[in-house]
Ligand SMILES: Nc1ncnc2c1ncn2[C@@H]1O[C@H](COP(=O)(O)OP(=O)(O)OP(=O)(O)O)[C@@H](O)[C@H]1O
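Just the one chain here, the form predicted alone, laid out as structure tokens.
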Amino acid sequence: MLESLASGEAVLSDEEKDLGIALVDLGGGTTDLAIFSSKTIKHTFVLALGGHNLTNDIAIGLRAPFAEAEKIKKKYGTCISMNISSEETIDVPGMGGRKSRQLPRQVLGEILEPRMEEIFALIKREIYRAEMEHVIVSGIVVTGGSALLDGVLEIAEMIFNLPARLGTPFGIKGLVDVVNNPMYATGVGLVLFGAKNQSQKNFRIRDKNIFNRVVDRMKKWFNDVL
């Protein structure tokens, strides 16, 4: 619940949370759903599928080490083959001393598209199971590291039949570019949530009274994934 509140604090507007919105957070090990309405969370759900499953699919499909598959996902990942020119290629390192190979980038779409469709379809099933489909009139906001993959929003709109947008953190004046990224939604949201409950004043990430307490920890969070 706290992570959902934090992510919502970072990427959702008050209008969206008031009118009704579904936040889908594509994390590494899980995909989290939080439905907001009247500015409160009405429903949450955790699906045990996430970015690691996408990476594992690439590792199996391309016969590549997991660590290399993660790099390929981040650099070349696409969820829709038709968006990619047939001339684009990717280098796939070999396993067990084998030589690297060049493959069409479209292959990634063929691997990732069905998995992303599955994740969104299971989230949609939960929305209907909870009878919340009429609550999310503002549509879908997709955040988390895997939200950056090419084609994610198109698949979301197709599965949910609702408008979808990318959830990047906002609302912090002077926000450094490195945290203006969906993968940092929860971390930024926790800082915002704490600052909001500590003071009613406008929060600036560079203000000394906040900066001195959180900057070291946030630097560690962000440096670990750079």
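This is a predicted model, so every value here is computed, not measured. The numbering used is simple: start at 1 and walk along the sequence shown.
Just so you know, the form predicted in complex with the named molecule exists too; it's not on screen, but the next bit is about it.
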Worksheet item: Among 87-95, 117-125, 131-139, 73-81, which stretch has residues with heavy atoms no more than 4.5 Å from the named molecule in the predicted bound form?
Response: 73-81
Worksheet item: Should residue 169 be counted as a contact of the named molecule in the predicted bound form, where contact means heavy atoms within 4.5 Å?
Response: no
Worksheet item: Is there a heavy atom of residue 52 lying 4.5 Å or less from a heavy atom of the named molecule in the predicted bound form?
Response: yes
Worksheet entry | in the predicted bound form, residue 108 touching the named molecule (heavy atom, 4.5 Å) | no
Fill in: 4.5 Å heavy atom contact, residue 153 to the named molecule in the predicted bound form
no
Worksheet entry | The unique member of 164, 33, 183, 64 whose heavy atoms fall within 4.5 Å of the named molecule in the predicted bound form | 183
Discussion item. Pick out the residues of 141-158 whose heavy atoms come within 4.5 Å of the named molecule in the predicted bound form.
Written reply: 144, 145, 146, 148, 149
